[in-house]
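Here we start with a single chain on its own, the form predicted on its own, put down as structure tokens.
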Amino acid sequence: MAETITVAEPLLVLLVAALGTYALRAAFLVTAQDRPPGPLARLLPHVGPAVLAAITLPALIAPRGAVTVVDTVPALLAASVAALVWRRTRSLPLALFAGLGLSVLAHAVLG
């Protein structure tokens, strides 16, 4: 015997999920203080770089989902050159163009 799902059941699930997420957000707003606690305040400056590293490193090491010389080496070279150019010049456009140019050149040479 097949169960029939009514329209109200998915709507009820969505409503409960929405209320749950709203309650979580409201709990943070209600209990918010002017400053975070000491241990949390020491960790907060590291969250941004950690998130950026978590996003960019897999894209650099395995651009197409696997580590290969043809894809990984140009990506790492381009990122390294872009970082060096930005470090020396503090110019983001110059760093981006340097990294892009090296990536195109490396892809042309490697494959």
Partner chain sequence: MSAPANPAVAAQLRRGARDTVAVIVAYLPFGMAVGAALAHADVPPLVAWASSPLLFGGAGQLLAVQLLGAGAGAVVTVSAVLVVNARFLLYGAALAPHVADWPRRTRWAAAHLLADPVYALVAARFAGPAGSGPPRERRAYYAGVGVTLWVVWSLVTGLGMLLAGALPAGLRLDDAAPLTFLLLLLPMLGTRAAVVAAASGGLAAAAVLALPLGLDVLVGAAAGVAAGALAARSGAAGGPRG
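Rigid core here is just the name for the largest C-alpha set that superposes within 1.5 Å across the two forms. Residue numbers count along the first chain shown, from 1. All of these numbers come straight from a predicted model, not from anything done at the bench.
The same protein has a further form, the form predicted in complex with its partner chain, not shown here; the description that follows concerns it.
Contact between R25 and its partner chain in the predicted bound form is found at the 4.5 Å heavy atom cutoff. Its partner chain in the predicted bound form is not approached by G38, whose heavy atoms all lie more than 4.5 angstroms from it. In the predicted bound form, its partner chain stays beyond 4.5 Å of every heavy atom belonging to V109. Taking the partner from elsewhere, A50 is found to have a heavy atom lying within 4.5 Å of its partner chain in the predicted bound form. Contact annotation for 72-96: residues with any non-hydrogen atom within 4.5 angstroms of its partner chain in the predicted bound form are P74, A75, A78, A79, A82, A83, W86, L92, P93, A95, L96, listed in sequence order. With the core superposed, G20 shows a C-alpha displacement of at least 2 Å between this form and the one not shown. The Cα shift for L11 between this form and the one not shown, taken after rigid core superposition, is 2 angstroms or larger.
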